[in-house]
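Shown here is one chain on its own, the form predicted on its own, set out as structure tokens.
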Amino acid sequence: MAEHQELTKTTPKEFALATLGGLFAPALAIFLIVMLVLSIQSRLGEQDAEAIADKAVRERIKPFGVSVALDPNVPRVEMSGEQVYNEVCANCHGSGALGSPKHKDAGAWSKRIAQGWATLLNHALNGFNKMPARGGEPDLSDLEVARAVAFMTNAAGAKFEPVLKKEVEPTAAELARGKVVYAENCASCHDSGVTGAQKLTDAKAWEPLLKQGKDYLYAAAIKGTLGGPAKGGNDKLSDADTRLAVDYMVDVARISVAQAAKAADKKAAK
């Protein structure tokens, strides 16, 4: 006769413990997955915050003037003093903003003019007090800055010429060499004024050019930016000889301008 065994009855407490034990493993797995997701999100949030902070710093330290790349194959035509003033300087000097002397205000400019050309040019090139270097436009050339300074100060009573440094007068030997270079390369146009060239005896044509200073005239002759060909059309002419030709032309043109002014004064006195 087979033995009969009775199964032990499971109490409610045992059933509850067994159920909890079965759920422990999947619950632990779910917990670990959730923590992993939260950790990844936290790291991503920190990276976003760092990127935002970095962008904010870059914006804060970005310079006022942003240089724009220009095509090196296109010759750059430099602006006149009035053009530089209108495009750059008028932002402050037009209204007197930031304590800047207002354009044509002789009273505001008088003490500054008294400091001399060299000091004013240095302040404009390198910045002074609240004024940024080059008026905040880094692409301006030294000569363009000088022209703007001369334009503003002369409008307030000064008589400055936009030169970057004190011009050294050529020696007699240098003028003689310049005359030879002029005769060989420039006279065909400048003696007669053909092709729109400035005739050496034309005081009216030369007077405004002389006020621009020799640095401007040297660059114009070497690069050909005043309507004529570079170096008078002679590519083999050295920069040094081109400058000597300009020295000779300036010397002759100054005499023409002086004679014209003397004649005008004489006529006005009658």
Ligand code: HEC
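Just count from 1 along the sequence shown to find any residue number. Every value quoted in this text rests on a predicted model; they were computed, and no experiment measured them.
A second form of this protein, the form predicted in complex with the named molecule, is not displayed here; the remarks below concern that form.
> Give a yes or no on whether each residue among Q115, A197 and A220 has a heavy atom within 4.5 Å of the named molecule in the predicted bound form.
So, yes: the whole triplet contacts the named molecule.
> Of the options V77, V168, A97, A173, which one has a non-hydrogen atom that comes within 4.5 Å of the named molecule in the predicted bound form?
None of the other options qualify; the answer is A97.
> So, in the predicted bound form, is K211 in contact with the named molecule at a 4.5 angstroms heavy atom limit?
Looking in the predicted bound form, residue contacts with the named molecule do not include K211, since no heavy atom lies within 4.5 Å.
> Can any non-hydrogen atom of N126 be found within 4.5 angstroms of the named molecule in the predicted bound form?
Close contact is absent here: in the predicted bound form, N126 is far from the named molecule, nothing within 4.5 Å, heavy atoms only.
> I'd like to check something about P132: if you look in the predicted bound form, is any of its heavy atoms closer than or equal to 4.5 Å to a heavy atom of the named molecule?
Yes.
> Can you tell me if L237 lies within 4.5 angstroms of the named molecule in the predicted bound form, counting non-hydrogen atoms only?
Yes, L237 lies within 4.5 Å of the named molecule in the predicted bound form.
> Looking at the named molecule in the predicted bound form, which residues in 141-156 have at least one heavy atom within 4.5 Å of it?
Those in contact are V145, A148, V149, M152.
> Answer with closer or farther for the CA-CA spacing of D202 and F160 in the predicted bound form compared to the shown form; it moves by 3 Å or more.
The answer is farther, because the C-alphas of D202 and F160 separate from each other in the predicted bound form by 3 Å or more.
> So the Cα-Cα distance between G213 and A118 shifts by 3 Å or more in the predicted bound form; is it shorter or longer than what we see here?
Pair moves closer in the predicted bound form.
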